[in-house]
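In structure tokens, one chain follows: the form predicted on its own.
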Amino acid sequence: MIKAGFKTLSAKSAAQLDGELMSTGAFSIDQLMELAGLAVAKAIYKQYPPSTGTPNKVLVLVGPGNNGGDGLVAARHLKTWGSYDPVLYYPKKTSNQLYSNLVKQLQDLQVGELQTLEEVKALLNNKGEVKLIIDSLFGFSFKPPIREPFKDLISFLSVNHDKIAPVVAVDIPSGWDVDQGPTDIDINASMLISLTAPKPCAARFVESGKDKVHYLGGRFINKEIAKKYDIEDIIDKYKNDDLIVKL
């Protein structure tokens, strides 16, 4: 395995840390999701600032778990800032109350939604219409192989990556093994936003091309937790009022 130039957190440790934050740390899941989604939106604004004129269309690919929730929160912030025009696609919806609340907030902002993969393909094939794709399909709990209804979408992104808008991956590029990196399909994300701390596959991402961009977000770890999980060095990279940091 490639040795990262930064501390990483395995899938098992990341799950344990999240559990600790929500138990002894007294954080709620919606608090953590809000902070993570805001960090995603801030990193996107910094790396892909909106052009003037018509709001920049952003396709948000939303999974059924917490990673998808992060994407929904990011979409809300991008929409309220006024310079982005997010449109959503859910390969598989979930019905839990938190997710439903986030969807309602976006509906109230008149954020559009695509219903089929064919609509997604048509939109992305319309050259220049979509400026950015947010990949919030799978988080660190994903285990290969990729199954439907996600496989066709991820395969399309992989095959057409050089013809469509840049992909921004939330926490891990969807379809990757969190510890080992890409499997048989790679969406070729241009930017990765690691949340809480980078996962081991982030090292593979950074090494996969000189133009790859890597940010860290989710600034809610106290010093005791950082020490316990040996991520003090990465947390210390935040300065002053930073919510994100480019690694």
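Only a predicted model underlies this, so the values are computations on that prediction, with no experimental measurement involved. Quick note: we count residues from 1 along the sequence shown, nothing fancier.
There is another form of this protein, the form predicted in complex with another copy of the chain, and it is not shown here; the text below is about that form.
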item: Position in contact with another copy of the chain when the complex is considered in the predicted bound form, options E207, D30, D186, D179, heavy atoms within 4.5 Å; value: D30
item: Selected contact from Q105, T94, S141, N160, since only one has a non-hydrogen atom within 4.5 angstroms of another copy of the chain in the predicted bound form; value: Q105
item: Whether Y45, Q110 and R219 all lie within 4.5 angstroms of another copy of the chain in the predicted bound form by heavy atom; value: yes
item: Contact stretch among 111-119, 164-172, 124-132, 94-102 - heavy atom within 4.5 Å of another copy of the chain in the predicted bound form; value: 94-102
item: Distance check, L243 to another copy of the chain in the predicted bound form, heavy atom within 4.5 Å; value: yes
item: Contact label in the predicted bound form: E224 to another copy of the chain, heavy atom within 4.5 Å; value: yes
item: 4.5 Å heavy atom contact, L59 and another copy of the chain in the predicted bound form; value: no
item: In the predicted bound form, H77 touching another copy of the chain (heavy atom, 4.5 Å); value: yes
